[in-house]
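Only one chain is included here, represented as structure tokens and corresponding to the form predicted alone.
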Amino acid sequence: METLEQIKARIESAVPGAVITILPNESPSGQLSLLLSNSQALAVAKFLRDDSALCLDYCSNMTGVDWPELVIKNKVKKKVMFEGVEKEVEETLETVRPPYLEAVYHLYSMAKKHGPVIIRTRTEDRGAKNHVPSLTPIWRGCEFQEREAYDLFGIVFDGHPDLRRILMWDEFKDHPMRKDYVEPDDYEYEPTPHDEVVEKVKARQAKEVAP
């Protein structure tokens, strides 16, 4: 199979306006992935599926990822003048990575017996701008998995044929796989033993007042 760099170059040549970024991976797997622009994600997905060399006809797995706001600290050295003498000092610079959600797809070719190629799309934020295009029209097997990401992460998949909760009940108000999700002290559908509820309330209150 071609390298990601070759695949990226061919996508950008075949799909007008496509913006593709190769993302590093610091996990032990070290698998690189392609970040797609939302505006061209469907066209890129169709190319990956229909291209005769790639023929990525099977999405084995689709999942969501929650990326809350993160303060990144970097130490930099600079030279300053102190009492007429140039000295090198170290400063800590802080940058803020805005929060967003990701939809991640692992693609294989059943026909060519190669893969995976990992592609990602991102929301603008974790609030009202939490939309990405659905890739179910390209890979039908994504339907239930995108519903799961919608349910548990709050990613809205535009163009999905049947976007509704799949694990939580319709009245549920939150998304349990988000990193800032707070589990309720009790459950309306299955009352928790009283002593257990009391201990959970005490633990939560202790965290809320901790410095």
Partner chain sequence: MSAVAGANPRNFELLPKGDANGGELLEISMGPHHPSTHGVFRMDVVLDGEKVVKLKPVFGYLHRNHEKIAEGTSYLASMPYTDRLDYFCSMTNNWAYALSVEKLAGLTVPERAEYIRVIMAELTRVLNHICLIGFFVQDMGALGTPLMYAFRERERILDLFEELTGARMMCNYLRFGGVRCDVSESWLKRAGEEVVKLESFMDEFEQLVAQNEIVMARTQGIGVLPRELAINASITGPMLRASGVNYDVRKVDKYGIYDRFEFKIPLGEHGDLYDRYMIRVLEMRESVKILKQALRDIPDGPIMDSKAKLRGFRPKPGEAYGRIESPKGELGFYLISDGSPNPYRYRVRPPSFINLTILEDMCLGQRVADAVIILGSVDIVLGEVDR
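Residue numbers count along the first chain shown, from 1. What you see is a predicted model; the values in this text were computed from it and never measured. Heads up, when I say rigid core I mean the largest set of C-alphas that superpose within 1.5 Å between the two forms.
Omitted from view is the form predicted in complex with the partner chain, to which the following refers.
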As a check of understanding, the residue in 62, 54, 43, 156 with any heavy atom within 4.5 Å of the partner chain in the model of the complex should be identified as 62
- Should residue 39 be counted as a contact of the partner chain in the model of the complex, where contact means heavy atoms within 4.5 Å? no
Contact of residue 184 with the partner chain in the model of the complex (heavy atom, 4.5 Å): no
Taking the partner chain as it sits in the model of the complex, is residue 121 in contact with it (heavy atom to heavy atom, 4.5 Å or less)? no
key: residue 140 within 4.5 Å of the partner chain in the model of the complex, heavy atoms   = yes
Contact check, 156 to 172 vs the partner chain in the model of the complex, heavy atom within 4.5 Å, ordered by sequence, gives 161, 162, 164, 166, 167, 168
*asked:* Using a rigid core superposition, assess whether residue 26 undergoes a CA shift of 2 Å or more between this form and the one not shown.
replied: yes
